[in-house]
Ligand SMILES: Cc1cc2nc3c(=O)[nH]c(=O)nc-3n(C[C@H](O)[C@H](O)[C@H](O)COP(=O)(O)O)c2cc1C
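Let's start with one chain on its own, the form predicted alone, as structure tokens.
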């Protein structure tokens, strides 16, 4: 379906080469100050034609608020957002009249619907993500103003080039003590997750915040472009100041919703949260996040480590959430490929058009947007539960193991 969310609902519309793309956002709280400029900043980070590392398609992606707002303030009614398509070239796709592009959605859309868009991939095009990014910018503004939530994504790998994240693996002779001495991530990488900002991310065209790695990534993307090929990569996202209690066990766990959201983005193939696959290599004695009293005297618990990535039992625990999303190499390339036509006749396809040699630099704001949509929806669901519970008489007969202990008042200044 084209709608995402339960209480904060986003419906996107549009194809790659139609007149416009956009979305309807339902569930925005009334009283939020909102202008086109609040949304445009993220759309400009997503748009094509930013550098020689992306597609040269020249779309300004200027957004226009259509409804749900007056005098710069939201009314609580559905918000309509529209972006005109201006630089379409449907004639660049004449080859796809005969050939389904390898690893693209041409063939599967035709199998599902019996009909497909004639050019540009239709709804499977990354143009569809404009609506997601626009809606995500609204969600993000509310999360920031209401809870101080910060969402920052960055490129963590291109091809086989990765930001350094893990300590060297010691030689193993089967001794468990050696395994126990290995941390999941290096202190330097954990510091990056705690301090990274969008300003730092956007300093390099690759959106990789590690200068030495970014230069290698640039050369790798240029090499793919010059050989009429493409290359994939990963985007890492960290979310700070997340309220605890978000997520709906057992089938709607917070990480399950994040995985759903991220794997709905075009070209995604992998998702991991917290320690991810690396955590499978570390014994529980080293991987467990031990609890400590939260700093500041406000009561509650924090953890000494955060290998869980801010989510335990499918519920946010108040620590930073971090996860990684894998993007495959873009399917549409101009290098000749031996393949088959729709009728099964073998042939050779060399696609035309303007395409990204690597999607990950432009995927950064899309990942941030989908993270914001998930948190916004889960926050509203949790708030509705808390609000309903406050209307009931207070229960004082439960054993201490069943209720949250009273918070210690913060010390007077």
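Since we're looking at a predicted model, the values are computed, not measured. Numbering follows the first chain given and starts at 1.
Although it is not shown, the form predicted in complex with the named molecule is what the next lines describe.
**Prompt:** Is there a non-hydrogen atom of residue 331 within 4.5 angstroms of a non-hydrogen atom of the named molecule in the predicted bound form?
**Reply:** Answer yes; at least one heavy atom of residue 331 falls within 4.5 Å of the named molecule in the predicted bound form.
**Prompt:** Can any non-hydrogen atom of residue 201 be found within 4.5 angstroms of the named molecule in the predicted bound form?
**Reply:** Although the named molecule is absent here, residue 201 would stay clear of it in the predicted bound form, with no heavy atoms inside 4.5 Å.
**Asked** With the partner left out of view, is residue 359 within 4.5 angstroms of the named molecule in the predicted bound form by any non-hydrogen atom?
**Response** Contact with the named molecule, yes.
**Heavy atom of residue 366 within 4.5 Å of the named molecule in the predicted bound form** = Output for residue 366 is yes: heavy atoms within 4.5 Å of the named molecule.
**in the predicted bound form, segment of 315-323, 99-107, 238-246, 216-224 with a heavy atom within 4.5 Å of the named molecule** = It is the stretch 99-107.
**Item:** One residue of 303, 157, 74, 124 in contact with the named molecule, assessed in the predicted bound form (non-hydrogen atom, 4.5 angstroms)
**Value:** Only one option qualifies, and that one is 124.
**Prompt:** in the predicted bound form, which of the listed residues (273, 267, 117, 190) lies with a heavy atom within 4.5 Å of the named molecule?
**Reply:** Of 273, 267, 117, 190, the residue with a heavy atom within 4.5 Å of the named molecule in the predicted bound form is 267.
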